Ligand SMILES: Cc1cc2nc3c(=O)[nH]c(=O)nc-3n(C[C@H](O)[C@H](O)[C@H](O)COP(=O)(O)OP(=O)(O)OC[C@H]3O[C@@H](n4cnc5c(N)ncnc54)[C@H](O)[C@@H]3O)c2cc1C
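We begin with a single chain expressed as structure tokens, specifically the form predicted alone.
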């Protein structure tokens, strides 16, 4: 199945894939499963070895839990969960020190186990899963996309479409559109210790003196997770020390041992929440497209956008313009939901006021062009 290229690029004739999906996170695995179970030849390419780890809160909100059951037909398995299993919501502290509680059923997972389970489901439905493989180049020509992959060897595949779900750390979109997406650097540590906070909640702190975006606390398998996000990496230590002092003073934090520290990137979503949907036969979903809810909640938005992109390809494969139009139409409710979430944060905290969607105007980007 799909072991290579056709003659259209002057090479020997072989079967090509219908779709090559880049990235085996929640977005990519959702898309690959949908496409494979609808009879499409799918390659799911993941640059890391599976199970791969991503620095993330690993909190599934109620919406994500519902999407998992809808798209994958079952609940998250016990082996992907960590304690406390039940997350009961989020507690925000705004820039004035006022607390906002949002009670909602959720689950606590390790992303390595959760993502691997999703990818295995896609594979069971017929997707060809290749891990340890990076997509280094995509070239659209003559009604198809030629994709260069690199792992233990370098080779090329051909597909009618590419769906890029690799997230902010991927480089494929930049090579295709020339865009350099702004990002925020996250830094978090895993610690043994104690604190006077309920471990069933995720805590977000929006005070500008504690971070350049937000700071947070949650618990995973009895480990205290403390993090800050910055726009300037050189300020990580400054803000992290401030946040620890704040948590010690306000919540009795006492750390006995730091086990791990990690950095990651997430998109810096701009006012209006612009989305890059596609460039010809190359579509984008999840974070790389711009689908991200406040405080970095990207799992639900990634899964939902990728699901809609996959279905648009299934319905209109012969015409890229119709695929794009259908994809945009299917994600209208998602973009509306995302903007309402940002409106909520903008109303809570002054540092996020620029994110308020004052005119409700639809903004999107097709291949890097902005339309209003």
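Numbering follows the first chain given and starts at 1. Quantities reported herein were computed from a predicted structural model and do not represent experimental measurements.
Note that the form predicted in complex with the ligand isn't included here; everything after this is about it.
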(Q) Which is the contacting stretch out of 245-253, 281-289, 78-86, 230-238, given heavy atoms within 4.5 Å of the ligand in the model of the complex? (A) 281-289
Q. Would residue 341 count as touching the ligand in the model of the complex under a 4.5 Å heavy atom rule?
A. no
**Q.** Interface membership of residue 346, the ligand in the model of the complex, 4.5 Å heavy atom rule
**A.** no
Q: Evaluate residue 157 for contact with the ligand in the model of the complex, applying a 4.5 angstroms cut-off between non-hydrogen atoms, and reply yes or no.
A: no
**Q.** Partner proximity in the model of the complex: residue 104 to the ligand, non-hydrogen atom cutoff 4.5 Å
**A.** no
(Q) Counting any non-hydrogen atom inside 4.5 Å, which residue from 65, 56, 328, 334 sits next to the ligand in the model of the complex? (A) 56
Q: Tell me, out of 204, 135, 145, 119, which residue has a non-hydrogen atom within 4.5 angstroms of the ligand in the model of the complex.
A: 135
Q.
So, a 4.5 angstroms cut-off on heavy atom distances: do all three of 47, 169 and 299 pass it with respect to the ligand in the model of the complex?
A. yes
(Q) Do any residues of 82-117 have a non-hydrogen atom within 4.5 angstroms of the ligand in the model of the complex? If so, which ones, in sequence order? (A) 111, 115
